[in-house]
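To begin, one chain is listed below as structure tokens, in the form predicted on its own.
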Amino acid sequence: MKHSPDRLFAQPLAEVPDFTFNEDVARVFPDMIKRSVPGYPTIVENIGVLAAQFAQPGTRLYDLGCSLGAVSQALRRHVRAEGCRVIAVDNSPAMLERCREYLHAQDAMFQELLRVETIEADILALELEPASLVAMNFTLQFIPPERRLELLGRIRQVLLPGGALILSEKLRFADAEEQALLGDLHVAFKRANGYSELEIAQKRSAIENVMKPDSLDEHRQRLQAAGFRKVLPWFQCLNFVSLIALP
């Protein structure tokens, strides 16, 4: 499938609206995420690799906040456990429509892929069923902070013994110097990927009210409070991290 270059914030806006995963974002999302999140392709592909170590035959693999289905595709490429099924969930109709198109294209290119079911739903209201793997790739940061522990607790309850949660998030830092340095380095990354100062500033204004990052310590403490016994960072690039949480 073709996607467009991200120029959503290239022109001055009289008023910058809050960021939403609408059709405009869905159209440019592959370009946007690759140019905005350092290490994103590595994270996505290796979620598939890691998932293959935890996926159990005949179980569900959840991709919560699936956006265009990049993680779901990686799960289908790497998981070989017999009878697994991927459940891809998102609350954006525009993102999910394109997700289905990408998955259909993947079906046309490969044989014997895992079955995948796409669900349009709010993951806070979704009734989760037993699963050996749950992936949340830059999803929790868009959940209201006061609801995050509740969601993680529900995920912990449905995870099978030997399963795992893979959680990727943008980080904030309690230390002001670290926060400033890694924030500046992230801006440098975006500049190096062709974003102008105007685009960077307007995108920051659009997203700061809807995306609320946590510190690594906050993630650890919340995951442990939700019942996970072990939390292991497996990837970090600048202020973006991915964790494995074991039940």
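For every residue, the number given is its place in the sequence shown, counted from 1. Just so we're clear, the structure is a prediction, and the values are computed from it rather than from any experiment.
Form predicted in complex with a small molecule: not shown, discussed below.
Engineer: Thr59 versus the small molecule, in the predicted complex: is there a non-hydrogen atom within 4.5 Å?
Structural biologist: Judged by the heavy-atom cut-off of 4.5 Å, Thr59 is well away from the small molecule in the predicted complex.
Engineer: Should Leu50 be classed as touching the small molecule in the predicted complex when contacts are defined as heavy atoms within 4.5 Å?
Structural biologist: Result no; Leu50 lies far from the small molecule in the predicted complex.
Engineer: Give a yes or no for Ala55: in the predicted complex, does one of its heavy atoms lie within 4.5 Å of a heavy atom belonging to the small molecule?
Structural biologist: Contact check for Ala55: no, nothing within 4.5 Å of the small molecule in the predicted complex.
Engineer: Verify the contact flag for Phe189: yes if a non-hydrogen atom of it lies within 4.5 Å of a non-hydrogen atom of the small molecule in the predicted complex, no if not.
Structural biologist: Heavy-atom contact with the small molecule at 4.5 Å: absent for Phe189.
Engineer: Can you say which of 141-149, 100-108, 75-83, 155-163 gets within 4.5 Å of the small molecule in the predicted complex, counting heavy atoms only?
Structural biologist: Selected stretch: 141-149.
Engineer: Do all of Val37, Lys170 and Met211 end up near the small molecule in the predicted complex, with near meaning a heavy atom within 4.5 Å?
Structural biologist: Each of the three qualifies.
Engineer: Using a 4.5 Å heavy atom cut-off, which residue among Leu182, Ile33, Leu216, Ala206 comes into contact with the small molecule in the predicted complex?
Structural biologist: After the contact test, the surviving option is Ile33.
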